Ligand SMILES: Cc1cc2nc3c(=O)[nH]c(=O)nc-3n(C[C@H](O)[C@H](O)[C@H](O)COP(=O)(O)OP(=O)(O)OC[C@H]3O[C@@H](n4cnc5c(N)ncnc54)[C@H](O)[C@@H]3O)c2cc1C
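In structure tokens, one chain follows: the form predicted on its own.
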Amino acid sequence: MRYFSHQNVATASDGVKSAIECEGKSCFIAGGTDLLGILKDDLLPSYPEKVINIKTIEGLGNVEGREGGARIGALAKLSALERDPTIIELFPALAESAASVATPEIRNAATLGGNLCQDTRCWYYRYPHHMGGRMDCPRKGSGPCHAVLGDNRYHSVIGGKRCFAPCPSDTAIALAALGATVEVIGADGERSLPVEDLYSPMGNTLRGGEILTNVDIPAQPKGSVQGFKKFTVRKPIDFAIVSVGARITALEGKVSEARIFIGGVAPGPYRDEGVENYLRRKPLDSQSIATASKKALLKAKPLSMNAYKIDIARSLIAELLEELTR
């Protein structure tokens, strides 16, 4: 690793101020499970002159219940979320998604904010500089997306533009299904946005110097059920090939509202309105589930090697919805 200075900050505002003073030549560190690997492998064309430690900000690791909802600090550990009684009771989809991430050792260090803001896992983007030179691509400022004509088994099947790397965050899929928002602070003050709007085809939408501080989950509708399901090759450690987060609300035996988000297939959590629209005003039974799941990703435009993700997504949706009826 190259030399860089290290600074602890006591407040989020101090972190923003320090980042602005560095004029884009700094980065934030919390759990560090993603950042340290990026720095070690020298993946990016530019290297930070300063690493700003936000773990020293008090209060950002808390989980607070709020009128049936919750505010979760960005520094909350994934291991804490998978065990927290409030999260398990009110938001089992989030607890399940947190528990699905990597290994216990990583979940003990990784934070919710870090999981949401982690960089893409595209193997072209992540190619180590010491193994023959890093690969330039649109996310690095120049060059083609190598996945288009290369090995694109794990890339996006919908929503990709100049970059086809999918969102790697499991918790983002569950939180989007729950209607959660994130709070960020930057040079222009605080702003709030839906979790799904945190992502674009070129990465997350945080502006220079902004810090994600909290995640707010609203109280869930009465009569709703929720869940998260993930498909990987090696269950204990892999990122999702496809994942699904869902919240279904029923009224008088029929679906009144559905939120279905798919992960691993797009640059951010992909909301499948085709599935949602079909389910509305129908009973959630085996017949409606079978038909609804076949409507998933109808607008997908897969690359040469990843059309199989569509079938997996449809199977996962059917399996998850069947589980939610029990």
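Because the structure is predicted, anything quoted here is derived from the model rather than measured. In case it trips you up, residue 1 is the first one in the sequence shown, and so on.
Below: the form predicted together with this ligand, not depicted.
Quick one: of G69, G274, G61, G32, which gets a non-hydrogen atom within 4.5 angstroms of this ligand in the model of the complex? After the contact test, the surviving option is G32.
Just give me the single entry in A180, C122, C117, I87 that has a non-hydrogen atom within 4.5 angstroms of this ligand in the model of the complex. Of the listed residues, the single hit is C117.
Counting only non-hydrogen atoms, which stretch in 246 to 254, 151 to 159, 127 to 135, 208 to 216 is within 4.5 Å of this ligand in the model of the complex? So the stretch in question is 208 to 216.
Could you tell me if K230 has a non-hydrogen atom within 4.5 Å of this ligand in the model of the complex? Because a heavy atom of K230 falls inside 4.5 Å of this ligand in the model of the complex, the answer is yes.
Could you confirm whether S100 comes within 4.5 Å of this ligand in the model of the complex, counting heavy atoms only? Heavy-atom contact with this ligand at 4.5 Å: present for S100.
is_contact(A110, this ligand) in the model of the complex, heavy atom dist at most 4.5 Å: A110 belongs to the contact set for this ligand.
Mark A165 yes when one of its heavy atoms lies within 4.5 Å of a heavy atom of this ligand in the model of the complex, and no otherwise. It does not: once this ligand is placed as it appears in the model of the complex, A165 has no heavy atom within 4.5 Å of it.
Let me test this: is every residue among E196, Y278 and A296 within 4.5 Å of this ligand in the model of the complex, going by heavy atom positions? No, the candidate spot makes no contact with this ligand.
Using a 4.5 Å cut-off on heavy atoms, what residues in 139 to 178 are near this ligand in the model of the complex? In sequence order, P168, S169, D170 come within 4.5 Å of the partner.
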